[in-house]
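As a starting point, one isolated chain is supplied in structure tokens, in the form predicted alone.
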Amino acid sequence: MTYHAPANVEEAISLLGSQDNAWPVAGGTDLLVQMRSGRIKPGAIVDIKQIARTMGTSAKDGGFVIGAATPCTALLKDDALCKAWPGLVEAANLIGSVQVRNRATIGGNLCNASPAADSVPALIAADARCVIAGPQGEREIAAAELPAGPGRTNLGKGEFLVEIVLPPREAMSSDAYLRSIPRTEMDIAVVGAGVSLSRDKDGVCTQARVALGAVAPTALLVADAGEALVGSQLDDSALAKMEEAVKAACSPIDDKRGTIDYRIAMAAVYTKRAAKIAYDRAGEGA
């Protein structure tokens, strides 16, 4: 196995396309575990952290850009990002322990393609876009489109995630992410729920996106659940419609960490809680 640390995007593309079984690495917290367990055996590791575009956060066109190799804890240092997208930042900082998050990245969490990844429902709820570089140039896809299934992505040979782009925030908008885990921390989500919404000065929800994790082969956007909230002040009727849409979208597995019935029930519970938090946070911007 060989190790490479390219200094630019073009060099990384060349290495990923020409090396046998080459794997891009950002934080490496998932990659190393998989290598030690024998699940994967890379012929080459291409470390993307030396590429300037993959590191750090910045404001752009009213929104934000997050480099794919930016450590989760680094997001906490961007006050404007934390204010605009508190749920997303919180989701990224539920991953592992502080020591792990000092290395782990939101880009790696997305590309690891775990159905239970904490940051992914928050990214989908935020309508985040992924900038992908490869031999054919750069392309942009929705965060929801990057995972193809457990442990599989829609990245082609020689491609890697460079940046995550968050859209501009409307006034009186916010988000929230919650998860259900057996322990208080350092565990994998049995259910994850991300909600991003906007409201007007009268408290009426004008836009909402709801995303779920750990209840399907990939994290998913539940469009009907978001639509159920629009036009309401998150009254009981609207929340009940949202919960029904969430339950209908779930297709979880049944394992020792949670039964199918439990995951479906908890998906509705945690989505409702996250929606209320996002709604209250949006109101604080009035």
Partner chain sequence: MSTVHIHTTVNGDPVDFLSEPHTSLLNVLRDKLDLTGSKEGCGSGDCGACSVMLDGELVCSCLVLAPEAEGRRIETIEGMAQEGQLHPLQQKFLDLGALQCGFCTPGFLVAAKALLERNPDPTEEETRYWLAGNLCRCTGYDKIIRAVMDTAAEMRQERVSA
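Numbering follows the first chain given and starts at 1. These figures come from a predicted structure and were not determined experimentally.
Just so it is clear, the following notes concern the form predicted in complex with the partner chain, a form of the same protein that is not shown.
S.K.: Taking L32, S97 and E185 as the candidate spot, are all three within 4.5 angstroms of the partner chain in the model of the complex by heavy atoms?
M.R.: Yes: each residue has a heavy atom within 4.5 Å of the partner.
S.K.: Among the candidate stretches 133 to 141, 158 to 166, 97 to 105, 199 to 207, which one is within 4.5 Å of the partner chain in the model of the complex when only heavy atoms are counted?
M.R.: Among the candidates, contact is made by 97 to 105.
S.K.: Using heavy atoms only and a 4.5 Å cut-off, determine which of L221, I45, C250, A238 is in contact with the partner chain in the model of the complex.
M.R.: By the 4.5 Å criterion, the partner-contacting residue is I45.
S.K.: Can you check whether K83 is within 4.5 Å of the partner chain in the model of the complex, heavy atom basis?
M.R.: Looking in the model of the complex, residue contacts with the partner chain do not include K83, since no heavy atom lies within 4.5 Å.
S.K.: Taking heavy atoms only, is G27 within 4.5 angstroms of the partner chain in the model of the complex?
M.R.: So G27 counts as contacting the partner chain.
S.K.: Is the gap between N8 and the partner chain in the model of the complex 4.5 Å or less for some heavy atom pair?
M.R.: Answer no; every heavy atom of N8 is more than 4.5 Å from the partner chain in the model of the complex.
S.K.: Does at least one non-hydrogen atom of R152 fall within 4.5 angstroms of the partner chain in the model of the complex?
M.R.: So R152 does not count as contacting the partner chain.
S.K.: Does any residue in 60 to 95 get within 4.5 Å of the partner chain in the model of the complex, counting heavy atoms only, and if so which ones?
M.R.: Only a single residue, K77, comes within 4.5 Å of the partner.
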